Structure formats: C-alpha cells, structure tokens
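Below sits a lone chain in structure tokens, taken as the form predicted alone.
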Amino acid sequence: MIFRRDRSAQDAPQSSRGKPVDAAGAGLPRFAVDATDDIGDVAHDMREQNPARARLALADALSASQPVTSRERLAGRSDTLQTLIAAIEQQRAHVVLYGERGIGKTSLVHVFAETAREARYLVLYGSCGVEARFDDMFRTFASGVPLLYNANVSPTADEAEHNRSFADLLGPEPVDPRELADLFQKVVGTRIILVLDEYDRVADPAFRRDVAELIKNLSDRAARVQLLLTGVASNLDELIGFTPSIRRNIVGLAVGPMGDGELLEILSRAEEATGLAFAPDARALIVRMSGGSPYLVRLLGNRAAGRALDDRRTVVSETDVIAGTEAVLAEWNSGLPRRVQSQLLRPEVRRAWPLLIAAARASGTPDGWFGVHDVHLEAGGSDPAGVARTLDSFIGEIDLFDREQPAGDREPRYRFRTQGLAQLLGLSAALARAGR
C-alpha cells in the first residue's frame, strides 16, 4: 500500500486540552486554544504540561496552508530576497519570479512587500486567476493609488482630493497599456510596485500581451511603477513568452529548491516558537523527504510535532515523522476519486510502481506534461519502448494518464489525469526510501 494508518490507544477520545472528555461530550472535538491568538510564554506552558499555546504557536510557525507573511517567520531565501531588492531598487527593472509549485514564491513576495513598504514603497498585490482580465485588475490597482501621488495634484489640495484615486482619472472604456503608462508616468512622491501573483494561471492571451506592452511602455517612460510577476515555470519564456522587446526591461529570478541548511532553519524557527525540539534523526528525515520543498518541511514538521503534543512530549521523534507522513498520505489518498484509489491497488499498477514514481518526478513541469524519455531518464535507464508501452497501458480502462500527440514527428506527451496523484506518489516513494 502507499501508506499505513496506525491507530493506537493514543487515538482514544480526548478533549482538545489533553484531558479525558466528560460523559456528556464523549467523542466531540473541541478547539485547542482561544480565538484571541494569545500565545504568551510558550516555553513556560510546555514546562507546565499545557500544550495549548504551543499548539497555536505550531500552527503559526509551521503552517503549510498559508504563505509566510512576515520577515520574522521567513527562513532562508536571504540571497534571493537581496537579489530581488537590488533588481527593483538599483536596476529599476520589472521582475519575473518563477519556480516549481510549492517552492515558496508567494511567501517570498509577501516578505519582500513588507520590506518595500518599510522603505515607503506603495506595494499593491493582486492574485491572478484563470478568468483574470487586464482592465479589471489594473483598475483595481489604480484605485489603490491615492490621487495625491499625481504630479498634477497639489500637496495642499482640498479635502475632496484626499479621497480620490488614480482610478478616478480613467474613462469608462476598457483601459489599455498605453493609457495606463501615461497615467502612471505622473506618479510622484513614492515608487509603486504592482504584484501579479500566480501569473501562470492567466488563460487570456490578450491579458499577457497587454502586460508585456505595459512593461515596455512603463520602461520607456521611466515611470515610477514596476511590476513583479510570479508563477510556476521552469524558465522565463514559459511564463512571459518570447518577447524580445521587453527582455532588457525584465530581470528573471528563479526560485529553486531550498538547501538543507535553509530547511533546517524552518524547523529551528518552529522550535523557538513552540518550545518543542526535533530530534536529530527526525530533522534529517523531514529534510530528506521534502526534496527541497519548504511546503513539505512545514507540512511534515507540523504533523510530526502535533503527535508529540498529543502525547504531551517536548521532543519530536523520527517515529512521529513517519506516523505524520503516513497520515498525510492517507489524507491525500482519501482525497482521490474512488476510481483512482481502486486502480492504484490493481496488480498491474503495483508491478509498475517504480515507473509510476519516475513519471511522478518527470511531471514536475509547469503544465504537468512529460515525455517517454523524461520518464526513461528518471527511471535510471529503463527501455524507452517499454516505458511507452507501460504508460499507454494506463490510458483507457486504467485511466491514470492523459495522452497528447503533438503535430509532426514529436513523441507523445503524457500527464497524470488526477491532480495530486503525482505528489502522493512522490511522497510515498520518499517514505519508502526512508526505510519503511
């Protein structure tokens, strides 16, 4: 099986504060801490064997569901942050931040925004979606720029001007890049950074063309407005396309996997915040299974530490990490369609497990597509023809993959049909390599 669920006496019904539940409320869960988020002296609470505050601190220090939003919580990425600041401050460039999913781009952007605001930059944040439209997004940005930053408005303007924004100067027709650049050219008294997060999700080609045109126009006018784009991509062209006219105006900044030292720093920060300690073998196992992903370090660290808190222990063990990882795999597996869960148990699928793991590693492209030779390389030299036959056998009745035949003589491409399956396979393989 992919995972193992381990139930024991520790799973018996208890209240959220570690005491047996009363008869009237037997089996009903409760919140562990109050909504005030009053963490207090975590280390003291642990000495008193009251883990409620430590649990709250753990949720804050090792949250895998939310990005890091403050410098105090960001571990590692110091060099990347410094390069980003230099690109904005010294080169006056627009920046494209790209990398794999879950590698920490959004966290880095939030911390950068905090740093920029401290330097009196006006930072406006927008998250892109599939239906994003250029006019809607940039009108929203313009509405966040007070009109008092316009060169045509006197600093001593009457009170009515204080409540107006740059959006009030836009006409009713859809705004275009040239009109926006003309408007933003009038910015004085500050510098503005417009963040377009998850830019890879934008499906409208016109939106992407207009953003490229806006970058060119802002640069040509030396406007005090810079764009910061982030998205899932393995290179710059995948995110913004091949647009030579704006290349000199853009700094592409790749965000790669974290080094072991940076990943360990995440756990160290959590130890300081919670009063817990990760045993050396537990720390090493988390780092090894994460594959450089800060998301996985936070997720696995959180689950392992939660088990220690459940047992009123201050040291997180390797056993906690293994059990926490198995729980994560169980949750991910239960989130798959029943059809896929059944297919993963079929003998022919189990026999092809190593090749499926190789396919999961090969699927780490921005769009999830991969070729036979990608899997061949990940599998350590398997016969390409045999790889193709196996992949093709999982299309149709066992529909684990989609298959696409590009035009010309190019080899077919494959992609996992079910979102999350590749991640589950990858973590399952990492746990197996840990000796389970």
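The structure presented is a predicted model; accordingly, all values stated were derived computationally and were not measured. We number the residues from 1 along the sequence you see.
The same protein also exists as the form predicted together with a small molecule; that form is not shown, yet it is the one meant from here on.
- With the partner omitted here, the residue from Q343, T106, N249, S363 that has a non-hydrogen atom within 4.5 angstroms of the small molecule in the predicted complex is T106.
- Of the listed positions (V211, M258, L285, A359), a single one reaches within 4.5 angstroms of the small molecule by any non-hydrogen atom in the predicted complex, namely M258.
- Of the candidate stretches 384 to 392, 369 to 377, 60 to 68, 397 to 405, only 60 to 68 has residues with heavy atoms within 4.5 Å of the small molecule in the predicted complex.
- Residue contact check for Y295: one or more of its heavy atoms lie within 4.5 Å of the small molecule in the predicted complex.
- In the predicted complex, at least one heavy atom of V232 sits within 4.5 Å of a heavy atom of the small molecule.
- In the predicted complex, the small molecule sits beyond 4.5 Å of every heavy atom of G129.
- Though the partner is left out of this view, V225 does not reach within 4.5 Å of the small molecule in the predicted complex, counting heavy atoms only.
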